[in-house]
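Next up is one chain by itself, shown in structure tokens, the form predicted on its own.
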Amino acid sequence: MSRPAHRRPEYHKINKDLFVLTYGALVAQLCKDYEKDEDVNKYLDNMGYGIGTRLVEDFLARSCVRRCHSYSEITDIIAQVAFKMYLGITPSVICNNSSRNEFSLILDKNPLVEFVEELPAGRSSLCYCNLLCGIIRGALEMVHLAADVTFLQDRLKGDSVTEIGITFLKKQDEKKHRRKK
């Protein structure tokens, strides 16, 4: 028996609480496996990078976003469409420099820390949600945009907000080579 030719794939959503608790268990296990926070942060970033390289295809297929022409457009799409689609939140975007290649995503609410009150004792340099940075970096690289993505502030570390910094590393070409007709 064959499938209908024009049927769209079904997307299954998992329970948000299950995802958040599973992520917390993952971070707890990594803290047991690695002594240094930097190693845990690197592992979470690499894991996120792998997710981001695959997630971008799903995002582009489901969101139907058009081609962006500036870094601010890209950052707005990340905040208003991607975060909303996958995490159910919409961070605010702030441009941090006059070159318009550094942006901050301010998360009023971070669903990954819903059940986390504080970082484990002795883990003050742990970036609990570093997975998000890796996801953003991986997705951007898959659309040929190199970026440095880091946590600038984190409520779990006592900051007033949670802030993710995105710095685009290459100057975006104003005109792309057009195919000759």
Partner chain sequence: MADEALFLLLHNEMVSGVYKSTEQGEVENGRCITKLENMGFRVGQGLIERFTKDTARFKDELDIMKFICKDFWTTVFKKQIDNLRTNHQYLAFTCGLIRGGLSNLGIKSIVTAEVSSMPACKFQVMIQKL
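Residue numbers count along the first chain shown, from 1. In this text, all values refer to a predicted model and were calculated from it rather than measured experimentally.
Not pictured, yet referred to below: the form predicted together with the partner chain.
S.K.: Since the chain is shown here on its own, which stretch among 28-36, 150-158, 118-126, 63-71 would lie within 4.5 Å of the partner chain in the predicted complex, judged by heavy atoms?
M.R.: Going by heavy atoms within 4.5 Å, the stretch is 28-36.
S.K.: Do all of Asp76, Phe103 and Val113 end up near the partner chain in the predicted complex, with near meaning a heavy atom within 4.5 Å?
M.R.: Per the other structure, none of Asp76, Phe103 and Val113 touch the partner chain.
S.K.: Is the gap between Met85 and the partner chain in the predicted complex 4.5 Å or less for some heavy atom pair?
M.R.: It does: once the partner chain is placed as it appears in the predicted complex, Met85 has a heavy atom within 4.5 Å of it.
S.K.: Taking the partner chain as it sits in the predicted complex, is Asp58 in contact with it (heavy atom to heavy atom, 4.5 Å or less)?
M.R.: Although the partner chain is absent here, Asp58 would touch it in the predicted complex, with heavy atoms inside 4.5 Å.
S.K.: Could you confirm whether Met142 comes within 4.5 Å of the partner chain in the predicted complex, counting heavy atoms only?
M.R.: Met142 lies outside the contact set for the partner chain.
S.K.: Although the partner isn't part of this model, could you tell me whether Leu21 comes within 4.5 Å of the partner chain in the predicted complex, counting any heavy atom of the residue?
M.R.: Answer yes; at least one heavy atom of Leu21 falls within 4.5 Å of the partner chain in the predicted complex.
S.K.: Just to make sure I understand: among 41-60, which residues lie within 4.5 Å of the partner chain in the predicted complex, judging by heavy atoms?
M.R.: Those in contact are Tyr43, Met47, Gly50, Ile51, Arg54, Leu55, Asp58.
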